[in-house]
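A single chain comes next, written as structure tokens; it is the form predicted on its own.
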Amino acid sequence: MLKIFQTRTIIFLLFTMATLALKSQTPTNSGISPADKSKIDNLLKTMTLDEKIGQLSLFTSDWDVTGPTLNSNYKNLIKEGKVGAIFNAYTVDYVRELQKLAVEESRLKIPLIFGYDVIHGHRTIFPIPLASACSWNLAAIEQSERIAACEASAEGINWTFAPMVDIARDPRWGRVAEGAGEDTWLGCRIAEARVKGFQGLNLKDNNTILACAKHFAAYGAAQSGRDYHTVDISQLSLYEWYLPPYKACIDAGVGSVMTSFNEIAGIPSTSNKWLLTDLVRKDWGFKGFVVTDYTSINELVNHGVARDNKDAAMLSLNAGVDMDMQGSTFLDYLSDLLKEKKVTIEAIDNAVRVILEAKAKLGLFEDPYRYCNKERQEKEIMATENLAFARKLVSESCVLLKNDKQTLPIPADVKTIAVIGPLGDSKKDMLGNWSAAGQWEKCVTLVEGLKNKLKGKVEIIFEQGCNANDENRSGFAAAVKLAEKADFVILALGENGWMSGEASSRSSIDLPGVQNELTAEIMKTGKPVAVVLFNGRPLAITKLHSLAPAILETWFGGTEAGNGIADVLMGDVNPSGKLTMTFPQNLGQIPIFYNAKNTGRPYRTTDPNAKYVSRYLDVSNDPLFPFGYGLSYTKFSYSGLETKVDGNKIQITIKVANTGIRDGEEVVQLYIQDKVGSITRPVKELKGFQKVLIKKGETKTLVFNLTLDDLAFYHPDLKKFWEPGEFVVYVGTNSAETISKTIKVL
């Protein structure tokens, strides 16, 4: 077992070293060659209006369904030169078939781009993005997207609708599963890593794919956490919290941007000229193309800003949309709109140009079949090293939420382990949402992972006990009987995989069904119990927390879920994950996030009975688990915080000691508070972290280096600068448990 673990560790280290080597080089994705420019210029002169409009049209194939409509005529449209890109099509044979229609049967033989939702892996499915963000390992996150790009491109795909970089503070919204959580600074760093992983150093390499920053903009702030709903926030909040991750993607060279379904201040994103032209192109210098989300041009009619689809097409093109996803509005109406002088040929040509440039950057004009290599498809899909890396990322994404009396890891002398619960042996649920071409039947469940690891030395027995999301208690008796036979019980609880993701908002985020009741019944047996939690969002698990002595948050881990979780449960991997999204005590606290503002009447623990302060009558203001939280099988202590301000530089030094009995990794987090500003500032803001391995008994001294720019914030005139004054520096194991020191910056 130790030899296998060492082999996996070596593979992981090799991948990490490769990723760091990539990060030290500069991508060459930003421009096109003179030859490509000349070809594009000539094409624009040669193309008919219908062919130009065709380049602006994106249609789904019938290979997969990811939205509400389907155009069954897409193959004939390709032959007619009326399609610029296809999504939901993969495998070498199928992509070659469709590409052949474009480059051998259409008049100008312009190749297609092939897109797909490669969100957290292609065939090898990694932990959902919210989970991998909890690893706080940027190199591993980047490498997961590098592997995803290799696998996707091996099956003909050259464009992914990822990363989703929406900042989200409301866990009712199902799509929090696709993002990095609630923090803007960390969200920017993860966004950069994902773009670099997908796009590599050169898009003309046949194992890189075009990335797409989505959903532009502020989709994560949907009111009441309901998908597709309205966003209504101040412009200052938009700049401060929601826009930076998209800007980070653009600075990292992302090739495309996707509009969001929501409106902002009364204007839907898909018809927002300020957003799509003034901000992203003129202010930020974006050179790629803007694609809509699925039929979002048509939905401008439902929003009430367009009279009909023709009106919607006019509004979106004039706003700065380059490609219409599945709506067919450009194909149906742009020609007439041009005749009516409601759009210009310049706007159409500009949109065509950036799409052709993307094709040039991908090398499709040189070889339209460069992503159709059968040998690569056979060799690279779910390769052994990909699965080994996925297993390591699963274990690194787990967050230990509770561990009373060192319940975990499972003791070595255990002879029988009972796995009980609806998520214990459910292959389909392991994939989570947006699992692309993942094959659920190849997933490793928790039961299988434990059996794989323990190889018959420990008996693994299983009972479902109940379903995840109904009131059926008929399985309780069998589950209790099984628990009584075991030396140790694992409760596999949470959500079904379909309960988070797009169109999967929940009005209640409690543990669904009767799972709390099952837990209470199992606890009566007196057996040692640990909960393994599967979910795509933070849950309000106050009841579960009061019942269970140990809770391991594992999210949805993908193909290797069970194996990676087993590594943590048995102690071969010491959990190091930290939450990137706050867990509330109950639904009434939402939205709750660590970097909130103070109020004129803040609640203070020194006066717990004060009445006229900002507080609840029935629950404290504190979350159940704060941002940055995560336990370890060992203990860490912090001391010796020192600060030094020297001109433009701020140096922070901290000593972190491992005072426990195991080696472990700790995510050391640095926060700043601007005590007095010309406008109100948050109580804390993350400004840095270091993930370090500290051996038992060892103390490490860590140094953080900031500049004055790290103290800057947006002002009402939307200019960003710092203000002299006092700042509090916090360093600690999570956003709530820190040591601090006040500095003056003049």
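We number the residues from 1 along the sequence you see. Computed from a predicted model, the values in this text were never measured in an experiment.
This protein has a second form, the form predicted in complex with alpha-D-glucopyranose, left out of what is shown; the following refers to that one.
- In the model of the complex, no heavy atom of Phe216 sits within 4.5 Å of alpha-D-glucopyranose.
- The closest non-hydrogen atom of Trp159 lies beyond 4.5 Å of alpha-D-glucopyranose in the model of the complex.
- Among residues of the shown chain, Met258 is one whose heavy atoms approach alpha-D-glucopyranose to within 4.5 Å in the model of the complex.
- At a distance threshold of 4.5 angstroms between non-hydrogen atoms, Tyr294 is in contact with alpha-D-glucopyranose in the model of the complex.
- For the options Glu380, Asp674, Glu463, Asp117, the one in contact with alpha-D-glucopyranose in the model of the complex, meaning a heavy atom within 4.5 Å, is Asp117.
- This chain appears without its partner; in the model of the complex, the one residue of Phe87, Phe289, Phe330, Phe389 with a heavy atom within 4.5 Å of alpha-D-glucopyranose is Phe87.
- Within 4.5 Å of alpha-D-glucopyranose in the model of the complex, a heavy atom is found for every one of Arg175, Trp434 and Glu502.
- In short, of 418 to 426, 258 to 266, 93 to 101, 138 to 146 it is 258 to 266 that has heavy atoms within 4.5 Å of alpha-D-glucopyranose in the model of the complex.
- Contacts to alpha-D-glucopyranose in the model of the complex (heavy atom within 4.5 Å) from stretch 317 to 343: Met325 only.
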